[in-house]
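Given as structure tokens, the chain that follows is alone and in the form predicted on its own.
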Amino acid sequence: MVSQQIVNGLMLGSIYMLVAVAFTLAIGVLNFLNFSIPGLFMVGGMAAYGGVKLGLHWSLAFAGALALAALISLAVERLAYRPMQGGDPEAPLVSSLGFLVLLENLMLIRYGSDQQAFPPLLADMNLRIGDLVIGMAQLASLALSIALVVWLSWFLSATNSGRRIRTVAESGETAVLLGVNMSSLAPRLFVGSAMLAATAGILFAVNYQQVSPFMGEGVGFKGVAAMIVGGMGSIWGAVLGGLLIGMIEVLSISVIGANVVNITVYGLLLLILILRPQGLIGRPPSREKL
């Protein structure tokens, strides 16, 4: 049923959406494509799994996973981003990619390469509307994802800290002249993007009840694709791109088959780049800013 696949696509798209917004915070403000984000997504899911397996209450396991992701992100900022500011722009990107490989291999050593079954946390309750079935975990995850993005949009537009971030996004040099402290702002942005990515990893684990050390790679690529499809540097573009890619992926699996799903998703990305290089809601000639 098409309506059921759309619901499933929205759920998957909400995960891509959070990852795309995490990438957007990094590249839209700091002009840094942070490739540790897929690793932080994986850390969210794997650390939550580890906490639950140790017998912790799920709330403590999730909090621990988010805290671990924040600490790792601060290490990325301190070791991969800060020392290389003003130098070769490709160096921080490669360094962050090194963190991704490091995180994957640490989890590989701890848990092995096989997928691990994440225990169900919510009661097996479904909301039925005719033939449409919506799981409670799906509904809660979608609501949380949308709430996080709405809060972030409000924060950026209505608070002093948010306005400072928007100033940096428009012009880092102007922001420094206006007194914005980049040395304190950058770590906060890294932590913010880590929280979004790790939350997405936790939601993925809860909904699909599986985790693995390499769970972040495919999601990370699709998060970048969602960011580009929606419009580089635009939060609501990342939201649109994430939801669109999630629905296209699920509908492609249902109609065509799983073997061609990547062709469909990345074919859409290629088509958007050809027809509208700035993305669906981006603005030429410059990248849209948050």
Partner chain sequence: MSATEGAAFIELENVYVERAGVRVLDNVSLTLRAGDRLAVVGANGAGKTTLLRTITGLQKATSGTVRAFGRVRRTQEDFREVRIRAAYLFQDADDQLFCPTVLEDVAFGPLNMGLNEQAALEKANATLAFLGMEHLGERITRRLSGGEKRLVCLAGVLAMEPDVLLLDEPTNSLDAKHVEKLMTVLSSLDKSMIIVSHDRPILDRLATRAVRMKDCRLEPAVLHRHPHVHEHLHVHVGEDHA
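Residue numbers count along the first chain shown, from 1. Small disclaimer: the values here were computed from a predicted structure and weren't measured.
There is another form of this protein, the form predicted together with its partner chain, and it is not shown here; the text below is about that form.
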Can any non-hydrogen atom of Glu173 be found within 4.5 angstroms of its partner chain in the predicted complex? yes
4.5 angstroms heavy atom contact with its partner chain in the predicted complex for Ser113: no
Check whether Pro120 has any heavy atom within 4.5 Å of a heavy atom of its partner chain in the predicted complex, and answer yes or no. no
Would you please decide whether Thr167 lies within 4.5 angstroms of its partner chain in the predicted complex, comparing each non-hydrogen atom pair? yes
With the partner omitted here, the residue among Leu178, Val133, Ala143, Leu74 that in the predicted complex has a heavy atom within 4.5 Å of its partner chain is Leu178
Among His57, Ser59 and Gln209, does every residue place a heavy atom within 4.5 Å of its partner chain in the predicted complex? no
Out of the stretches listed (147 to 155, 179 to 187, 134 to 142, 195 to 203), which one is close to its partner chain in the predicted complex, meaning heavy atoms within 4.5 Å? 179 to 187
Contact set, 221 to 253 vs its partner chain in the predicted complex - heavy atom within 4.5 angstroms: none
